[in-house]
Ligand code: ADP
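Next up: just one chain, as structure tokens, the form predicted on its own.
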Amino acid sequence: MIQIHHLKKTFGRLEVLRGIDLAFDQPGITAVLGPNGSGKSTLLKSILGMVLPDGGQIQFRNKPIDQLGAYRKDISYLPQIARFPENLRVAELIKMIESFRPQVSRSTELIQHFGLESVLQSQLGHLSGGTRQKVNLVLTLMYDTPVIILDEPTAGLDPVALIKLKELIIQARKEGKILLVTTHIMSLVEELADRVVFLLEGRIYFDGKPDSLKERVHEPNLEKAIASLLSGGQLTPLSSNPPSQTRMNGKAIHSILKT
């Protein structure tokens, strides 16, 4: 479905992606992990065409995305930070989005799932952070698409809403969808992810099953496995680029493992 070939992106003097090679062509949940600034969001936004790479190519269904444009209708995207018109009411925003797309919307079902009936007539600027995130999830998941990209979907969610989100993610996997998820919550990755892609300094340092990562460093859970991986000294990237001598400090490790 999605093939990424030697993807590169630079912002000024900062190399954010350094020759990324990846494929997402099997149904399931892939957790894209890494510390802040590792290139996770840039990678996802490149897939969406929101960031234009400086080198390499991204293909969707075996065609370069720069020749398609319309491929985005097959991807649902949850941005890390939702920016809504503050004066619009929740119901108005949902109807506005529905007016742009001819597909059948699941908005009513999702509104009930997250218990948003009571805020439909509230202005978005008056909502709490957690409620705004629920609205963000409704907008993201209300269309049936084969690919779902969720950038920090748990931000601001209370425990009940988190359970409801997990239910939707699991259902999407059962339906054969490809899900790409970034998160700092390792327990969520441990519970849901079929695959882990670990980025550091714009390179891939691990790509495989969560259990394989734990076995690699002889740790019982994913949180300890990543901490051990980062604090263990030299890490070797999977790409063809020359490996760098990398040791993370405690602050960088915490940025990955924070809850």
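Note that the coordinates shown come from a computational prediction; the quantities given were computed from them, not determined experimentally. Residue numbers here begin at 1 and follow the sequence given.
From this point on, the text means the form predicted together with ligand ADP, which you will not see here.
Residue contact check for S46: none of its heavy atoms lie within 4.5 Å of ligand ADP in the model of the complex. The closest heavy atom approach of P35 to ligand ADP in the model of the complex falls within 4.5 Å. Contact check for G39: a heavy atom falls within 4.5 Å of ligand ADP in the model of the complex. Contact check for Q80: a heavy atom falls within 4.5 Å of ligand ADP in the model of the complex. Taking ligand ADP as it sits in the model of the complex, the stretch 3-25 comes within 4.5 angstroms of it through a non-hydrogen atom at F11, L14, V16.
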